[in-house]
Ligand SMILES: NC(=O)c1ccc[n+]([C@@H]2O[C@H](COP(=O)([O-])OP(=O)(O)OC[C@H]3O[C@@H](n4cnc5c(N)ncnc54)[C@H](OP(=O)(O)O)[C@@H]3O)[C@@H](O)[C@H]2O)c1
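This document starts with one chain, in the form predicted alone, laid out as structure tokens.
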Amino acid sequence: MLERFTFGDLDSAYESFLKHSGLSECVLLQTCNRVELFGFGEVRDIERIKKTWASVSGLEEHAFRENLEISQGVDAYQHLLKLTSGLDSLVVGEEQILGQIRDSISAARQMGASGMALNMLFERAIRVGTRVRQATGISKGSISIGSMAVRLAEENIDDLKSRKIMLIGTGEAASLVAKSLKRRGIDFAVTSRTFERSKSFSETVGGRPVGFEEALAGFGSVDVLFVATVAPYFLVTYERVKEAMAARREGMMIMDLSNPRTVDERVSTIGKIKMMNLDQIAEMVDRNMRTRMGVVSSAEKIISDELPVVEAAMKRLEVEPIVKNVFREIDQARLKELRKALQMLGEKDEQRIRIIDQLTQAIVEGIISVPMNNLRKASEQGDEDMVRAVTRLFDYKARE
């Protein structure tokens, strides 16, 4: 399902969202665990956004009903802060997401898709995420089910790097196993029920793709088997493993990270087999997480403190078009009257003209700067009545 929502051609996706969705700015974030669109604009039309997304990805619109989460305003800011801090990841504190967010805003800037609002929001979020990680150490010692499984394999198998390792699956749990193996410099084969999916997974995450039937037939040469799929039946059967073990002198370790389980439980009764399932591994991860709850609380406290600051800055941005419009129109009136006055005076001296021009600028800025700064402060404080009053007073109309 996640693959169906993914944008294959980011350039085309950005072009379509800016042209058809009603958004004036957008940033696309795609990882192996999420596909997200951050948007900004004076016109907010969720249906137009969904239609654009559907047309770009080739989705039917009904696919959004159960698979789309929408956050707006302060909820969206908080979500991004949690993302950069590693609190909304499958692995709490994982570092990769911060780099992925940096890459996403960088790509959006290069495309001209992000502007003043999203650039500022992402800069602040990245700064908060970096501060959380430095202040709490949340990224140190973080562990996932996938990395725990690999650690257990290291503890139970001598010289894991020299062993033959196979990973069955290409989902979230499988990606965590693959990343952990890759980080340790351990080679492994990866397979799925479709070779194309295995190939795509290996290009993105790591591993050497092999055909599904070839992988199942090659159990006899595998030393460590990680199984992380969502198949509704046993992929690794008692008979297949028993047959494989009959031709082996050494034992085999099997880690079943699937939910529901896809390794027949009877496999654990076969001689020279070491087997662990998801529940056993998850229990070890939970113990690790309980020791880190204080760190998570500290991270949440920092985010709670920073959120109002981010919200105020974003609210201030909402009135910047009004402020710019007021300054522009008043400056146009100033220049018009300046030209008339210089013509009436018959002034030709460039130095005098420059002095008079600077004088009129200073007068205008001295008069208008205070009310405009008060407007910015009113916006930061959520004073919508003040914003509406200024909008009517200066006859400002938002550009669709």
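Keep in mind that this is a model prediction, so the values were computed, not measured. All residue numbers refer to positions in the sequence shown, first residue = 1.
A second form of this protein, the form predicted together with the ligand, is not displayed here; the remarks below concern that form.
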Review point. Honest question, do Gln78, Leu81 and Ile105 all end up within 4.5 Å of the ligand in the predicted bound form by heavy atom distance?
Key: no
Which of 108 to 116, 263 to 271, 223 to 231, 147 to 155 lies within 4.5 Å of the ligand in the predicted bound form, heavy atoms considered? The stretch 223 to 231
Answer for Gly171 alone: is it within 4.5 Å of the ligand in the predicted bound form, judged on heavy atom distances? yes
**Message:** Within 4.5 Å, heavy atoms only: does Gln96 come near the ligand in the predicted bound form?
**Reply:** yes
Evaluate Thr136 for contact with the ligand in the predicted bound form, applying a 4.5 angstroms cut-off between non-hydrogen atoms, and reply yes or no.
no
query: Could you tell me if Val92 has a non-hydrogen atom within 4.5 Å of the ligand in the predicted bound form?
result: no
Among Ser200, Asn259, Thr237, Ser71, just one has a heavy atom within 4.5 Å of the ligand in the predicted bound form, namely Asn259
Among Ser297, Ser304, Thr194, Ser162, just one has a heavy atom within 4.5 Å of the ligand in the predicted bound form, namely Thr194
